[in-house]
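Next up: just one chain, as structure tokens, the form predicted alone.
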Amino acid sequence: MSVAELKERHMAATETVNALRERLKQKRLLLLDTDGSISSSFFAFSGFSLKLDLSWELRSMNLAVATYARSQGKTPLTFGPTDLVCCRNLQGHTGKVYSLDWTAEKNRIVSASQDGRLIVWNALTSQKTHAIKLPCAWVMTCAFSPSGLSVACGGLDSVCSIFNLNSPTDKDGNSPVARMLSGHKGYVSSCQYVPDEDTHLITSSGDQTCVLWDITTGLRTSVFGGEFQSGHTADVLSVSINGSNSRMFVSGSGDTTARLWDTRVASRAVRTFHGHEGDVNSVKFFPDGNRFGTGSNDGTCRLFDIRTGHQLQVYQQHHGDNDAPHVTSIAFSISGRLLFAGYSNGDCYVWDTLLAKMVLDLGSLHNSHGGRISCLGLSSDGSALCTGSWDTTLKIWAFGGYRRVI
């Protein structure tokens, strides 16, 4: 098949998808003038049929994209069991690890655990540099500030707490809380500092909102969602700030959608992205800032374009028992060619983002985790991957055992 023919097929598939979307829109408008009982049953049937058609066309379009990529000389990446090696095993937590984050200078990691502690690790030596006892043990998220001088965390206490790593400890060896950001009415599920700023961060919460905070004052600068109709309709589970444009961020929710926000316009989401059939547990911007990835309880990862709103790719490993493990956390390589995805069954897949092919499962390797992969993240230079698990440990993986970039 020639490149021209592939392009034609791709264009035809795109046109079909757009036509199906338009058909669904027209049917919704038509049903507004019908009896409620009839319209609900008719819409359920029509929507299901169109959903199947749309799903089939999207799958065909994904295949066309992969086929076109191969025609351009893009071959699948290949990995063997010694190409990505566990080079560090970080032991110190006594409870499930829920969250982790790297510093910008690439050699330190902060982790949050059910044991009620934050631990800051030296990723090169595996040594613990700080062990912070938290006011509330039910921590769910943690983040390093861009300067690496402070860390933030949040959880079931509905508060985001800030700790200064240079502050002296008390007589019991505990670090004092430098700032408590209070205002959420539900648990704090995720937090991330605004790039290049130690003074602002964004949190997501079980109260269906995201908040931009001024850490200096401890006040909310903007609230995204909540009473606004374009906001999420279930718990917000994850946020990711665009590294190319820090005014834009994306959120993932238990309402099965992801939403794009502009911090200058809190009253409405810029765009809503549909496609998942389960909670969106993790969102992460693609390195170029024009796309982002999602991971969901439906067992899939997806790639979306923020400019068009289109879904570009689906990453799914089919399971015979139809009980796919949940995707808990995702991260992209520096080039964007690889997508790392952690799963509830302990697997950690490495996906070729261009060809939608799973090229390695870290869960099948020697020294893999013995429990659910709850979090993962890539070092700022792209040379190492860290995974955290309910088995209480963190592991650092490097290509060939040495930290190099791909």
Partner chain sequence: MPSGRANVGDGGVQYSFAMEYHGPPITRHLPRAVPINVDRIPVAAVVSQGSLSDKLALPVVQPILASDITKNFSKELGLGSECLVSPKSVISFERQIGDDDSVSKELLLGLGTETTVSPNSGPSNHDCRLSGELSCSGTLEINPDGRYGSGDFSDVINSSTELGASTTSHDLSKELLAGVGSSGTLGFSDSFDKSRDLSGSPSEFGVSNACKESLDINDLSQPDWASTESILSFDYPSSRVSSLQVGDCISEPACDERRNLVVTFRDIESEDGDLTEELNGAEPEITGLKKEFEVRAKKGTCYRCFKGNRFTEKEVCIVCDAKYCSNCVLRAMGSMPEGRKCVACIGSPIDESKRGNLGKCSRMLKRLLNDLEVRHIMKAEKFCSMNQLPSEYVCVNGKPLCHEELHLLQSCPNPPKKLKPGNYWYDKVSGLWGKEGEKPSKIISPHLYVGDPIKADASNGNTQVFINGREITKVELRMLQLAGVQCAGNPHFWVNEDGSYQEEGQKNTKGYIWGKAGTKLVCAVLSLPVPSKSTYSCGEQVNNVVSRPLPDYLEQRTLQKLLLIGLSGSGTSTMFKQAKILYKDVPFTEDERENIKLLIQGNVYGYLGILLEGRERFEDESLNERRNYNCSRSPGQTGHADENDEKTIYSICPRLKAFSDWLLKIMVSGTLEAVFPAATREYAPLVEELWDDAAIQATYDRRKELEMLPNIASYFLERAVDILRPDYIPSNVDILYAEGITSSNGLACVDFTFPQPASDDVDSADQHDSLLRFQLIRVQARGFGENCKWLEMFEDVRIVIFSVSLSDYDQFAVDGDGTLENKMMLSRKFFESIVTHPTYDQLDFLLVLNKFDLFEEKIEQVPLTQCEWFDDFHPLMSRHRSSNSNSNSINNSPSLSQLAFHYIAVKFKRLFSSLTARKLYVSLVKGLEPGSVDEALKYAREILKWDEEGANFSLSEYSMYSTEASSFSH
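Residue numbers count along the first chain shown, from 1. Just so it is clear, the structure is predicted and the values come from calculations on it, not from any experiment.
The next section is about a form of this same protein that is not shown, the form predicted together with the partner chain.
- Mapping the unseen interface onto this chain, residue 96 counts among the residues with a heavy atom inside 4.5 Å of the partner chain in the model of the complex.
- When contacts are judged by a 4.5 Å heavy atom cut-off, residue 386 does not count as touching the partner chain in the model of the complex.
- Of the heavy atoms in residue 158, some are within 4.5 Å of the partner chain in the model of the complex.
- At the 4.5 Å threshold, heavy atoms of residue 117 reach the partner chain in the model of the complex.
- Among the residues 131, 334, 219, 104, the one placing a heavy atom within 4.5 Å of the partner chain in the model of the complex is 131.
- Of the residues 264, 307, 171, 318, just one reaches the partner chain in the model of the complex with a heavy atom at 4.5 Å or closer; this is 171.
- Heavy atoms within 4.5 Å of the partner chain in the model of the complex belong, among the stretches 242-250, 203-211, 299-307, 268-276, to residues of 203-211.
- Along 355-390, these residues reach a heavy atom to within 4.5 Å of the partner chain in the model of the complex: 366, 367, 372, 383, 384, 390.
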